[in-house]
Each structure stands twice: as C-alpha cells, then as structure tokens.
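Below you'll find only one chain, the form predicted alone, shown as structure tokens.
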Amino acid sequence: MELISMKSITRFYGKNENRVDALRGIDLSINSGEFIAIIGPSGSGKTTLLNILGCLDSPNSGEYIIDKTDISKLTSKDLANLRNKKFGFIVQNFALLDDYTVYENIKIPLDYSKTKINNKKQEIKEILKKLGIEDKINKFPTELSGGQCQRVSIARALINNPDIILADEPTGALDKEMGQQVINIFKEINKENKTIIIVTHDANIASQCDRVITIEDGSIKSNN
C-alpha cells in the first residue's frame, strides 16, 4: 500500500546568483513496510530529501502526500502533530542530552505528545530490553559507548510507535561491527511493518535494504 507520494518536489535556498537547487523535480513513491536506502555524494540532496520526508522542511514546489494527507494543506501545529505521531528520527551524532538519563532522553517525545506516562516507564524498559541495553536505563549518555548511544536514540525514535523511521547516517559514527548491529536492529523493526528510510554513504549498508535510491545533483538517478 502506498504510504508516501512525491511529485515534482523542488527545494532551493538563496536567490538569484546565490540560489542553490538542492532538489530538482523529485518523483518518489514509497510503500508501507519498505526498507529503503538513499545514497549519493555529499551535497547531492539526500538530507534535504529526508528532512522534507519528515516534514522538518517544506518544498518550494511540488506535491507531497503522506497516508492520503496533502502536507501543503496542514497548519504548522498539524505538521508538528504529524511529525510526532508518524515519524521517529535517528541522526548520526545521536542527539542525546548529556544531562538527561537514558530514560529521560527516551521520554522526550512522550512529553511533546502529551502522552500519559502511567505505563511509560515499563514501555521504555521493554524497548530497551529489545535493544539489549535495559541495564542502562539510569545511565547518562557520557557513560555509554557509541553503539549504546545509538540504541538509545533508536529507542527514543520508537517510543511513540511511529509508522516511519527516518535515519540520517545512523552508522556513520560507529565502527563496522557496531554499524552492522544497528542495521540488524533496523531489520527486526522492519519486520514489524515499520517503514524505514536511511541516508547512508556505506554501500554495504545500502545493499542490505529492499531498495536503493541514488541521488545526484538534486535528482534521482536510480530507484531500484
């Protein structure tokens, strides 16, 4: 079932001679439950595309429909609600707050969504157990390894039970073994019919996805 549809999406920054075209007429369809890699050289538009997919940025033109909702018709408040419910975000440098415990870091999306916390500690414990770091719940990020920090960021992305996980270079700060462990976690999450879209420079990581989208100079060069 089609979850995401993009037609003629453009995104540029600056004006006149300072204008930079980050995306040039992107057409893209993504089905529910797909595991997709977006690859391409630095500056090709990969992160811009991921940010538009996650409603963190808006296109200058084109149509973006997610789950039958036209994004251009939403208010900023509606967009914020959609982001929090529909998406889980994972970034290369983990984006954890050093003065928050693992539990407190994972709970942040729940605070934004005003979800009641009655059973949330138990839910967080269960996610951490699934990721193999349940014993780290009261630790601080500075007490964890890079791989453990990325698992915490994955737990935070999952806590609102989103349909779509967006990951920007999720293995970029990890060694090969830790990176593979993270991809194995994504594979397990994907089996639960979560749609996963990752930006990566790593050809080995990309080869393990269902589909690889290659971007160059803001355009999709291959999509298979």
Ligand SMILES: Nc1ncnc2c1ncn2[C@@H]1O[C@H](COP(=O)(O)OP(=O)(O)OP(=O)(O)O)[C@@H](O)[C@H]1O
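One rule holds for the numbers: they count along the sequence shown, beginning at 1. Computed from a predicted structure; not experimentally measured.
Form predicted in complex with the named molecule: not shown, discussed below.
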- Message: If the cut-off is 4.5 angstroms on heavy atoms, which of these, Asn160, Gln180, Ser32, Thr47, is the one near the named molecule in the predicted bound form?
- Response: Thr47
- Message: Partner absent here, but in the predicted bound form, which of 37 to 45, 185 to 193, 170 to 178, 151 to 159 has residues with a heavy atom within 4.5 Å of the named molecule?
- Response: 37 to 45
- Message: If we define contact as a non-hydrogen atom of the residue within 4.5 angstroms of the partner, is Ala22 a contact of the named molecule in the predicted bound form?
- Response: yes
- Query: How about His201: is it within 4.5 Å of the named molecule in the predicted bound form, going by heavy atoms?
  - Reply: yes
- Using the arrangement in the predicted bound form, list in sequence order the residues of 62 to 78 with any heavy atom within 4.5 angstroms of the named molecule. none
